[in-house]
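Below, in structure tokens: the form predicted on its own, a single chain.
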Amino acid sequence: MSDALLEVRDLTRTFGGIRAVDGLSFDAARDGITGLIGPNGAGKTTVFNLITAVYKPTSGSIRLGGHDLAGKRPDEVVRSGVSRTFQNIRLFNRMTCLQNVMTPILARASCGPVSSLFGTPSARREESEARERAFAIMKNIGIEDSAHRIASTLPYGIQRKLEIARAIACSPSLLLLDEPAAGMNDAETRELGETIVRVRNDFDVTILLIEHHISLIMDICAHIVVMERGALLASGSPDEIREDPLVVEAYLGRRRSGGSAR
């Protein structure tokens, strides 16, 4: 794939004698939305954990914008431009929606903890700028009305969007979304798809998306990577994947026209 931001080559991760990821290679196009699908246990979330340095590869390489991510710590990967959400929502539950989104922005601020503690002019200015940027992100995603609500009290769908907003606040070049539509009905899933496309367009971010809602993948992804048992089964456009007999047999089955496959 030309102009790839993310390049994964011969990626392998073993746990004991089990190959959770087995010689996987694929690209994610710059400023595109790439789907990563496969049956439960195919190794998709393990791939995310390898990209974000939660796990170290047994072999293979991961390059972001031509730079190798191998050997980096998780915090260094974030600073390199990678941000993610999780299957199980991970928010700062006792903070407000606004505070959740402000946190990663302030973490990158130039003022140290002493300046923040004493409320120096520079610290106050950075906090004001962080609040303004956080609110703009929330408005883009459509959750600004919940800005001052405690995260744990938010409806499930808004919590999902809040996690995306917080990930965007890290200013990533690559955003990894791990089953963002989990637990959503069809209408909520369609709305989420519109949000993801808007995020890609408005924040100039490349998105790699794990999702079991096949209709969402087919609607918003330009390229789809299919995994089975840790290995690459197929890759191509939505039309190519929809008609691939190996994919139909292994994963899509009778759901070829859309719907949710779990």
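Just count from 1 along the sequence shown to find any residue number. Remember, it's a predicted structure, so these values are computed and weren't measured experimentally.
There is another form of this protein, the form predicted in complex with a small molecule, and it is not shown here; the text below is about that form.
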| item | value |
| --- | --- |
| In the model of the complex, G236 touching the small molecule (heavy atom, 4.5 Å) | no |
| 4.5 Å heavy atom contact, R30 and the small molecule in the model of the complex | no |
| Contact test in the model of the complex: H213 vs the small molecule, heavy atoms, 4.5 Å | no |
| Proximity of P39 to the small molecule in the model of the complex, heavy atoms at 4.5 Å | yes |
| T46, Y55 and Q87 all contacting the small molecule in the model of the complex, non-hydrogen atom within 4.5 Å | yes |
